[in-house]
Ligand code: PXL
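Here's a solo chain for you in structure tokens, the form predicted alone.
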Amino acid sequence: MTYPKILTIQDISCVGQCSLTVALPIITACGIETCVLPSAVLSTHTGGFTGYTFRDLTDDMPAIKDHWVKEGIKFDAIYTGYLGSTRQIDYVADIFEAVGAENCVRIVDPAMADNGKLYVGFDAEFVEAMKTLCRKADYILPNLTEACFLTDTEYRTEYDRAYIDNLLEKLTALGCKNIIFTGISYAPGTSGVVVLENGVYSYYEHVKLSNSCHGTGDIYASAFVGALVRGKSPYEAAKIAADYTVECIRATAQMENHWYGAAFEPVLGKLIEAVTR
């Protein structure tokens, strides 16, 4: 078995089951050496908590990269999640070039928006910077809102296949190579993932659960990355990640007062089984 080494760049929310506290255990469970570059440290995530602490680590990122370059450290894959500023996006673009191994796989989750709106603190300048980073990626994982911002398209809550195809065409024209388009529903009671690999469309549909959880986007992206780097095809990785995320939501629904995140740990065994099958 090969033993790939991946770098993931995103913030640490110490409590809340998202970002690096999700990415590190999930990708590690897939049998991959997982290295981290934290972009910030928060006491909790920002969804529902108040008075949380925040430490910006932007200024540390270039020095960390320079040390890796000095030590000759290279990564077989680099996966980015939430990035807090255009400066961080610029630094990540430099990291892609400086410490990516030959044939390094670059995966960008353009985590910046949901439900038709940008996250607090982001603006048009940030969107433009994210477009540039997505052009450098081998895979991007936008949700519907993010795809609309990346392509300057009107956001809709009701849509058809033609609307999604138009978004895919625009993302391809932007320079995005392979697209894993999450949370796409063509029928009531269902959701799914559109996979556009080298221009070839496929779709994996699964049940849409009534309850939702913070951090499921991070869980999905991390599981996809783990499966992909372990050698699964993009479609297989998208399917594995979708099935695992559904299992996490189901597990969380059985718990009382677990509102702040998805219980991904109790069902990690199912992900391990899927990626090693």
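One-based numbering along the sequence shown. Being a predicted model, the structure only gives us computed values, none of them experimental.
A second form of this protein, the form predicted together with the ligand, is not displayed here; the remarks below concern that form.
Taken together, the three residues 138, 199 and 235 all stay farther than 4.5 Å from the ligand in the predicted complex, as judged by their closest heavy atom. Remark: residue 82 counts among the residues lining the ligand in the predicted complex, judged by a heavy atom distance of 4.5 Å or less. Of the heavy atoms in residue 18, some are within 4.5 Å of the ligand in the predicted complex. Taking the partner from the other structure, the ligand in the predicted complex has no heavy atom within 4.5 Å of any heavy atom of residue 163. Although the partner is absent here, residue 119 sits close enough that one of its heavy atoms falls within 4.5 Å of the ligand in the predicted complex. Comment: 209-217 is the region of 225-233, 239-247, 26-34, 209-217 lying near the ligand in the predicted complex, near meaning a non-hydrogen atom within 4.5 Å. Proximity to the ligand in the predicted complex, defined as a heavy atom within 4.5 Å, singles out one entry of 57, 251, 42, 64, which is 42.
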